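Single chain ahead, by itself, as structure tokens, in the form predicted on its own.
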Amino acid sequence: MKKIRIGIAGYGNIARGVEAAAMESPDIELVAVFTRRHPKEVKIKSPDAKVLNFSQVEEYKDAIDVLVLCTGSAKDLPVHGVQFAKLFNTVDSYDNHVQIPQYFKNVNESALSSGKVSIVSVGWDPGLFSMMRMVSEAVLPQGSSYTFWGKGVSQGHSDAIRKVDSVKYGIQYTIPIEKAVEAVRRGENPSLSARDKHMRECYVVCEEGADKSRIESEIKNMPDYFAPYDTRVNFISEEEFKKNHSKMPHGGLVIRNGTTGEDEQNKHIMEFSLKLDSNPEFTGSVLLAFARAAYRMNMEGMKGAKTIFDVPLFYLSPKNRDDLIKELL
């Protein structure tokens, strides 16, 4: 069996999750990790993979089947997604929901020009939750859908905090408003704003002498990420940060309340939930499954940007289609 050769761009928490998943996948071979740091400073766990500088990416154009993009959504992926789609099949977990249509358009132009497949915005949300929203709305067209995240660490929002000038360490917890969740589960179909559904709690370690008021204001007023929510910013010591905020749990719910029948008298609730000890490891596992799909789709002649809505499910599995039908259908 030919192994799918992957590369990883960036080596943060999600990249380590991709690497861990690759080491457990017999059909995947990690060829190289590309970093903007000095390669000697980056220690990976895969014994046969290389650690290389970003400047060497193009040299591996023919040695890598899929490049998994693990850089940040706030500032990196809008550049890297377009740049690397010109060279490789790619997957990424770009998570700025409001900007996804424009991001998709930009990546699509690059992927079409190179004849490659780029699957964008796949993780668990956007990603698996997006798929469940689509499926539940298709099954129950009369109804209302709700998504709740947390309590847990958001990778994209934490990365956005760390991009703020003078922030040394930062992490953000998304916390669902329990009374809103309970109202949805009772089938009340409430009208909820972003602020009604979640609050955002930030823990920040800043550089010595930094202007904390400026940092807090910049975080709270960040468009799309924090401005639409009640946000608390807590400044703590580096010691407290490392002691109490080193783990990255997360989770969430997609709930669809719908009705069927004459006069819509029959009520139904569809619910999909995740409880994750490690958000980045789970996200890395999702990315790896879609890297497998990107390779297979391109081998069949497909090209351009794709989303989770475009990927046939059997492309995700290392098993062949006949075995999936026999074992899981």
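Residue numbers run from 1 along the displayed sequence. Keep in mind that this is a model prediction, so the values were computed, not measured.
Here the subject shifts to the form predicted in complex with a further copy of the same chain, a form of this protein not shown in this document.
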Margin query: For the interface check, one of 130 to 138, 170 to 178, 230 to 238, 67 to 75 should have non-hydrogen atoms within 4.5 Å of a further copy of the same chain in the predicted complex; which one?
Written below: 130 to 138
Next item on the list: Answer with yes or no whether residue 40 is in contact with a further copy of the same chain in the predicted complex, where contact means some heavy atom within 4.5 Å.
Entry: no
Notebook entry, point to check: With the partner left out of view, is residue 264 within 4.5 angstroms of a further copy of the same chain in the predicted complex by any non-hydrogen atom?
Noted result: yes
Item checked: is_contact(residue 97, a further copy of the same chain) in the predicted complex, heavy atom dist at most 4.5 Å -> yes
Check: With the partner left out of view, is residue 61 within 4.5 angstroms of a further copy of the same chain in the predicted complex by any non-hydrogen atom?
Finding: no
Notebook entry, point to check: What are the residues of 265 to 283, in order along the chain, with a heavy atom within 4.5 Å of a further copy of the same chain in the predicted complex?
Noted result: 265, 266, 267, 268, 269, 270, 271, 272, 273, 274, 275, 276, 277, 278, 281, 282
